[in-house]
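Next up: just one chain, as structure tokens, the form predicted on its own.
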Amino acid sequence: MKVHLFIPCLVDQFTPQVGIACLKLLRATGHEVVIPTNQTCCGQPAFNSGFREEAREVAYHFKTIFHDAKIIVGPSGSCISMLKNHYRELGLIFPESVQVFEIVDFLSQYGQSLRFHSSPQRIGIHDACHALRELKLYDQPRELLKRIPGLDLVELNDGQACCGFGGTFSVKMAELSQDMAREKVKTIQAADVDTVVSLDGGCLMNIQSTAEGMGVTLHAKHVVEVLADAMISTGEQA
């Protein structure tokens, strides 16, 4: 299949390794990957802040750039939810022939050929709000991670609780956001894991920066980073 890869703003500006991991995994499954170089924001920040006209302008540009895509895949629960669930509120609806996936959802359905090295590590999983509540992505990341031999996937106590990021919420309600983030870091500490993973870069940045502020050593990664690091390349032996 031909897959158009959407690179969200946070990935583009702060975690390019997530985009590289997406490309590596998609190519390994045999799909043709197209990355529109003139893509920009999906419009979510403006939309969430109530600037509907500004969001519509950005969203229209996004649809124009991806006009010939049949499958759009991206590493962000919140951005993909914007495309799938909220564009219609702006009067922008993708044709029925267009499928939109968070990449972990796509790989859970079309990445059966992926094979992984043994990778002994303890990983906790934070269920990001948009991915869990709006895209219903719960089993998909767990099923993929459990395919990695030696990986110990740990369920965090109250792992579905918000980390406090919430996009502009973390700016408008900074003190409350920080309290929530600190509670999340304490929960991760209690689980005694090496790494925490999620499906949203905003959550991961919030958790990572809060942990650093608390003097806590913690690795926060998108699920695809763990998958790509453990993936067996073509011709390579397990």
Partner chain sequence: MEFTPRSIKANFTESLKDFTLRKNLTKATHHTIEKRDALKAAAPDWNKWRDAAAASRRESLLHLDRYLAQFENQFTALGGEVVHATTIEDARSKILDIIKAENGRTVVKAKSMVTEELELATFLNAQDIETWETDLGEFIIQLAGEHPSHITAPAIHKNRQQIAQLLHEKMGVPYTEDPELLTGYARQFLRQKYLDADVGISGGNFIIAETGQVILVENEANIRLSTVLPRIHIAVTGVEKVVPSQQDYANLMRLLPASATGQKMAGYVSALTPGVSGGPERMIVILLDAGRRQMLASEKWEMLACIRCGACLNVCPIFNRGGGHAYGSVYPGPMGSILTPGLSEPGNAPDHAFASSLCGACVDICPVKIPLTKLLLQTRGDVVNTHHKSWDNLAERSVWKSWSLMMRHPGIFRIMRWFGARIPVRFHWGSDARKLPRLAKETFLQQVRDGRFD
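Only a predicted model underlies this, so the values are computations on that prediction, with no experimental measurement involved. Positions refer to the first chain, counted from 1.
In what follows, reference is made to the form predicted together with the partner chain, a form of this protein that is not presented.
For the three residues T40, M173 and S177, a heavy atom within 4.5 Å of the partner chain turns up in the model of the complex in every case. The partner is not drawn, yet in the model of the complex one stretch among 128-136, 145-153, 90-98, 103-111 has residues with heavy atoms inside 4.5 Å of the partner chain: 128-136. Only one of T29, T195, T187, S209 comes within 4.5 Å of the partner chain in the model of the complex through a heavy atom, and that residue is S209. At the 4.5 Å threshold, heavy atoms of S118 stay clear of the partner chain in the model of the complex, well away from it. Using a 4.5 angstroms threshold between heavy atoms, N157 stays clear of the partner chain in the model of the complex.
Among heavy atoms of H61, some come within 4.5 Å of the partner chain in the model of the complex. Although the partner is absent here, D12 is a contact residue: one of its heavy atoms lies within 4.5 angstroms of the partner chain in the model of the complex.
In the model of the complex, L5, I7, D12, Q13, F14, P16, G19, I20, L23, R27, I35 are the residues of 1-35 with at least one heavy atom within 4.5 Å of the partner chain, listed from first to last.
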